[in-house]
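Just one chain follows, in the form predicted alone, and it is written as C-alpha cells.
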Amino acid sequence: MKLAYYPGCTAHGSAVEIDVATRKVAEVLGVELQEVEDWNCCGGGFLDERDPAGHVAINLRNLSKVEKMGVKKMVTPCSVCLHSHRMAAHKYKENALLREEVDRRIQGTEVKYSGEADAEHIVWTLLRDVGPERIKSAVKRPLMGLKVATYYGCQMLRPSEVMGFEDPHRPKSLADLVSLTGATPVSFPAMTSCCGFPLMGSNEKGGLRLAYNIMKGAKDVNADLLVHPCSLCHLQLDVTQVRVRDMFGLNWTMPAVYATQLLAIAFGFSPEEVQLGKNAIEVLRQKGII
C-alpha cells in the first residue's frame, strides 16, 4: 500500500520522534509512505484566523501535489495538520465567495486542485485500511498490564461533519489501537479537551492549566501513561510537562507518548529507536515490558 505522507513542521523539527515512529510502524505493516514533495506548513492555528483565503490556498497547494502523485489520500500524524487540510478542502467546496478569492490567489501558480485528494489521520488509516488483524499480528512485545489513558484532543474530532471518522463525543480509535497492543485503554472526562498549546504564546498560565487538566485526568483513572494523536499535543504534554509540574508543585509525572511510538514498542522496537521519553521508559521498566 502506497500513501502520500505529510509529516508536518513539528514532526520534522521539535518532535521528530513522531516521524521516526510513524515510518517504522508503517514499514512493519507494509505501508509505503511517500512524502509529499516540497510540502508547505498548513498554517493551522494562526493563518486560518488571520487570512482564511490564504490558509485555504496553502493547504490546497499540498493537496494538489498529492493529486499529481496519482493518489487521493494524504496521511498525516498531526491532528492540527489534519484539521487544516480537511477544513480547507471543505471550505473551498462549500463557500463560493471564499472559493472565488482562493482561485484569484492561486491563478498563475502550480496549484491545480480538483477536489479528489483529501487528508486523513494516520490512526484512521491504520485501523481502516491496514486493519486490526494485521496490526495485532505485528505485535512482538505485548504491553500486558499497562493502563493507557487515551487522549484525543480537540482537532482530530471536530467538526464531526468534516472530520467524519468517529463520534466526537464517544471516540474509540485510540482505544482500539491500544487494545491491539495488549495494553488496557482507559478513558477520562478530559480526553477530548484542548491541551492548551494554542494559548502558550498569549496566555501561558492558561495553557499550562489546560495541560494539567489532561495530566490530572489521566492520573485520576490510574493510568500508567497517556497516548495521543497530535504533534502539537506532544509538545504540550511531553516537552512542556516539566513546566506544568513546576507551576502546580507536582510530585508525579504522566508520561505522554505518540500513538505510533506505543505501537512501535509493541512491535519490538527499543525505546531508543523511537526516541521515547525517559519517564515513559521508566514506566515500561517498572511494568517489566522492557
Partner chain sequence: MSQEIGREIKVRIKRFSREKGSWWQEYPVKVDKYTQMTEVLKRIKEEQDPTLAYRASCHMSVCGSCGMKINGAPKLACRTIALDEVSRTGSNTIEVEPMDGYEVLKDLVVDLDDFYERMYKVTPRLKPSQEVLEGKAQHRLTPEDQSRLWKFAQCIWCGLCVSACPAVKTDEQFLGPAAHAKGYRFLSDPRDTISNERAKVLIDSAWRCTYCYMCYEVCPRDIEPVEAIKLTRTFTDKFGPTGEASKLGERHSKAVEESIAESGMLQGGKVYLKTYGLVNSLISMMELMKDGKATKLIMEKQKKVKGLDELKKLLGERQ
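Keep in mind the model is a prediction, meaning the values are calculated, not measured. Numbering follows the first chain given and starts at 1.
Although not depicted, the form predicted together with its partner chain is the subject of the following passage.
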| query | finding |
| --- | --- |
| Interface segment, criterion being heavy atoms within 4.5 Å of its partner chain in the model of the complex, picked from 173-181, 121-129, 191-199, 134-142 | 191-199 |
| Candidate site Cys154, Asn213 and Arg243: all three near its partner chain in the model of the complex by heavy atom within 4.5 Å | yes |
| Non-hydrogen atom contact Val28 with its partner chain in the model of the complex at 4.5 angstroms | no |
| Non-hydrogen atom contact Leu250 with its partner chain in the model of the complex at 4.5 angstroms | no |
| Heavy atom of Val66 within 4.5 Å of its partner chain in the model of the complex | no |
| Any non-hydrogen atom of Glu32 within 4.5 angstroms of its partner chain in the model of the complex | no |
| In the model of the complex, residues of 32-51 near its partner chain [heavy atom within 4.5 Å] | Asp38, Trp39, Asn40, Cys41, Gly43, Gly44, Gly45, Phe46, Leu47, Asp48, Glu49, Arg50, Asp51 |
